[in-house]
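Coming up is one lone chain in structure tokens, specifically the form predicted alone.
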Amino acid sequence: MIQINQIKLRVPVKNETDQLHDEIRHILHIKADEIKYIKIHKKSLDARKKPDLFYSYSVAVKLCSSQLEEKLLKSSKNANISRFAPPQYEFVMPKNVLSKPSLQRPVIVGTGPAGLFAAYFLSLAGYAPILIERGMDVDARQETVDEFFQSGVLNHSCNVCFGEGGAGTFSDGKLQTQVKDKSGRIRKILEIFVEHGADSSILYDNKPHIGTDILTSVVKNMRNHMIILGAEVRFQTTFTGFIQKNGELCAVEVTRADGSKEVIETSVCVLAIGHSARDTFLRLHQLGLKMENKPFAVGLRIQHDQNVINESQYGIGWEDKKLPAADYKLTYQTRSNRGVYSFCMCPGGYVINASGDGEGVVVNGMSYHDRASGIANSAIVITVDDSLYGKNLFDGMHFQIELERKAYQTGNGKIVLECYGDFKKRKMSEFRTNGVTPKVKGQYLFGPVSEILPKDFYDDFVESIDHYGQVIKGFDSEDALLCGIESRTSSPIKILRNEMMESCVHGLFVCGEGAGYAGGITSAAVDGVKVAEKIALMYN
């Protein structure tokens, strides 16, 4: 096949397939009937010359004659024409699983992206893993979360943080990552998502996104497929420890919802516990796992009318171009030398109460697949490290807890909202009907958000928002809504591992965002796949 890069189509695109065929015929100087089929490989929106917008494509073209393909590849002097040769990922299947019965049932702790994909590939390899999840299956979890949003009554073991699919289930479902895909792992992960219900556009969109409404179905379908392959999934079952002998894993200990305990004998366990498993961090430390604290970021979430963002990113006349809700990515270095940046931006999304602790309030962002709420939101966060919160192992975690409890107390358990204009004046806000309409999942009230943010960060935060107002017109509007606290941008702990991705206990693997090695759905999934590879390699 032939790959052609940088094909430009002016927005709005009326008939994508026909227009791409026309462009390909022109570029390759061939007839229409010489094209067998085309496949979009990458697609991105080019808004550098707004309001003139273009979609930029990389396409794979299959011609009716392989001889013609070779002729064109040899004769072309166009740098945008090359042989289509994407990396092909293939999981190396172990040869001796059945000869090692003690390895047939590895235990996977956590069903977020890292645990889910580690289990998925181990299932394909015949290991029949046992998945342990403290929360409920995704359907029951959805009901529990909806009840919390309505009543404020929190289920401590099943909520936005815990349950099938992990914290990413109730998010925007972004799949872009800074991880390079030389191995083809990311492409394979996206293909698996599509096989289980995600839209095929994620295979080529420059900024792929699933949406929480689709992601819940995808996760369930993956689980059912693993069960067919021999896996077992135990919900409402909490990992409480492990047993080792001479540095070798022998078993893991779990506690069921009814309080009964079980010891599961295994020589392989994957800890994919997520960034909110604070009790598990403490227990692992007691059991001697080597860990260290790590930097993270905290801040507030800001809401704007999505039209404000669309006009800034797309230019005048964007309404007639059938464009998706626009996103943004912002960074700034303050005069005090603090790094401030946007995080987990949710176009057309909602702010949600992501609390996993009955005495704290945490906010996050979530979008459905259509991103049609009419409100854009993003966290604006400031990097923190042990120079601020302390050098001890759990000082960062305690710093998070302190902020979350302050947010809880300020709002009496509800999310606190405040207009940016009043935030700057340190004046308690009241709802303004001519301003931004809150799009919030969970109970909320208007109050002094400025009292939640660490005092040392207030000036940096205001300086950053005012700067972003010069980048995106209206970003610093007095009616923009702030809420907090956004404190769980990443894990405050890193569990140390060796080149085989094992902890200091042989057979006890660690991966994903909670262990400190990923940030987001795709990078966590990649980490889970790598662990599965290591397990297959170690026992091959």
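Predicted model, so just to flag it, every value in this text is computed and none were measured. The first residue of the sequence shown is number 1, and the count goes up from there.
Beyond the structure shown, there is the form predicted in complex with a small molecule, which is absent from this document and is the topic of what follows.
Heavy atoms within 4.5 Å of the small molecule in the model of the complex belong, among the stretches 441-449, 378-386, 290-298, 235-243, to residues of 235-243. Contact with the small molecule in the model of the complex holds for none of 307, 349 and 482, as no heavy atom of theirs lies within 4.5 Å. Interface membership of residue 270, defined by any non-hydrogen atom within 4.5 Å of the small molecule in the model of the complex, is ruled out. For residue 185, no non-hydrogen atom is located within 4.5 Å of the small molecule in the model of the complex, even though that partner is not displayed. Although the partner is absent from this view, residue 163 contacts the small molecule in the model of the complex, with a non-hydrogen atom inside 4.5 angstroms. Looking at residue 423, you'd find every heavy atom of it more than 4.5 angstroms from the small molecule in the model of the complex. In terms of contact with the small molecule in the model of the complex, the residue from 396, 365, 411, 360 that brings a heavy atom within 4.5 Å is 365.
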